[in-house]
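Before any questions on binding or motion, here is one chain by itself as structure tokens, the form predicted on its own.
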């Protein structure tokens, strides 16, 4: 057995299950889960109709590279969304079966050239970043993004010795769990460091289409376009239909950017055996070509956040994130105590923030926070907010 398997940490939801084992939620109230970021809004009808009409595709082996109509639809969407002059569907785009497996796979592709290589990640973080780094044989280097820095990474504090060892830098923008967005100035700084020290910026952008107001979050390739970095060297974005289109079960996304990386990544994936089924590709084309359902989705999230924040703001320090569908409040009690007490008293389940972070130099920036995923219907989220308000009012 690969000995690195034993270095993997339990997934946050496994730790949560162990935390509440033996505890009983309030039997007088139906359980409301705000734990997993799984969109509960309706899937777009146009996608489901296309999927049903395309089921004959199960009789064909799909290619790892994906069919040209899908890559072309992705190219057109990305150029519209990020104001790109060009994005070659043949060399700069690769469809993937969800960003989770692709984020893992790209790390296996990129790590290994440098001695004592580092995978650099925000902290707290999406745990696949850590697991991918561990199984690639790299050392993990965590960059805190806690309350003291307004939940942003201060990249200026990273020394050149760290950048020298870095092979993969994970950037999650909009961030999971805080919803913060990476700025053009930050991307300009990181791109220059990537050029100087030869590492890849892996931008996880799967929450980019859930935002509030008219200003869409900046993307990495969009920053490259503005900065004149037209070949996207050292830069990759990872996009998904899971959050944008409420299609987590379709397992459909894409990687785009540096063609010199995507070529060997395609070779790796050919051996790995991850190819999107033809009928999923057809459904994905329909999703990327339609923006109406995405606009309606954002409107639903906006109403939901406004309603929930009106209830919670008087009893806890909380604010609307820049983007994404999580609330990330700071607590006066420990996150595990908040979670277990809320579960037992109000039958609402949230995720302790410390489970999303790692302790570095005695501090876990996720501690004394909880993550609340506002993915259910508005009425259920409002009911959960009222219960949390009552729970806090008693204290």
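Positions refer to the first chain, counted from 1. Every value quoted in this text rests on a predicted model; they were computed, and no experiment measured them.
Keep in mind that the form predicted together with a small molecule is not shown, yet the notes after this line are about it.
The closest heavy atom approach of residue 328 to the small molecule in the predicted bound form falls outside 4.5 Å.
Interface residue remark: residue 168 is not counted as part of the site for the small molecule in the predicted bound form, having no heavy atom within 4.5 Å.
Put simply, residue 121 is far from the small molecule in the predicted bound form: not one heavy atom of it is within 4.5 Å. When the small molecule is considered in the predicted bound form, residue 163 lies well away from it, no heavy atom lying within 4.5 Å. Segments offered: 71 to 79, 109 to 117, 202 to 210, 143 to 151. Contacting the small molecule in the predicted bound form at heavy atom distances within 4.5 Å is 202 to 210. Out of the listed residues 304, 100, 229, 193, 100 is the one that sits within 4.5 Å of the small molecule in the predicted bound form by at least one heavy atom. Contact check at 4.5 Å (heavy atoms) against the small molecule in the predicted bound form: all three of 172, 240 and 251 pass.
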